[in-house]
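Here we start with a single chain on its own, the form predicted on its own, put down as structure tokens.
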């Protein structure tokens, strides 16, 4: 059962994060405007709240899971390099010079 959860991708690339944020803000803004107008026309503030809450739920459903559209631009990581820091001794390092103010 746990293998099913481990196979689900959980990362999102930077462009995907930007897209998700734009979608989230757009849905919230549109639902707030529609909710305000509908609530104003019907003179029921409750409808405004319900419409904004529905927009919030829709935007969460569309932006919180890492859908494939948010993973189209994966980062290209550099290959692992063997570092030679174990061979250097503290005496081999150059002393830091502080600038005079």
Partner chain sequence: MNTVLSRANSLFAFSLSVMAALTFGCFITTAFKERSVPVSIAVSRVTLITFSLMCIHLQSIFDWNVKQLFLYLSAEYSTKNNALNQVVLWDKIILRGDNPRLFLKDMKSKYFFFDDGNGLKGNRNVTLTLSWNVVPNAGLLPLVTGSGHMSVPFPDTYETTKSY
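Just so you know, these numbers come straight off a predicted model, no measurement behind them. Numbering follows the first chain given and starts at 1.
What comes next is about the form predicted in complex with the partner chain, which is not displayed.
Query - 4.5 angstroms heavy atom contact with the partner chain in the predicted bound form for residue 29 - result: Taking the distances in the predicted bound form, the answer for residue 29 is yes, it comes within 4.5 Å of the partner chain.
Query - Partner proximity in the predicted bound form: residue 69 to the partner chain, non-hydrogen atom cutoff 4.5 Å - result: Residue 69 lies outside the contact set for the partner chain.
Requested in this report: Report whether the minimum heavy atom distance between residue 10 and the partner chain in the predicted bound form is within 4.5 Å.
Outcome: Because a heavy atom of residue 10 falls inside 4.5 Å of the partner chain in the predicted bound form, the answer is yes.
Query raised in the report: With the partner left out of view, is residue 54 within 4.5 angstroms of the partner chain in the predicted bound form by any non-hydrogen atom?
Result: Outside the cut-off, so no.
Report task. Quick one: name the residues from 28-57 with any non-hydrogen atom within 4.5 angstroms of the partner chain in the predicted bound form. Result -> 28, 29, 32, 36, 39, 40, 43, 44, 45, 48, 49, 52, 56, in sequence order.
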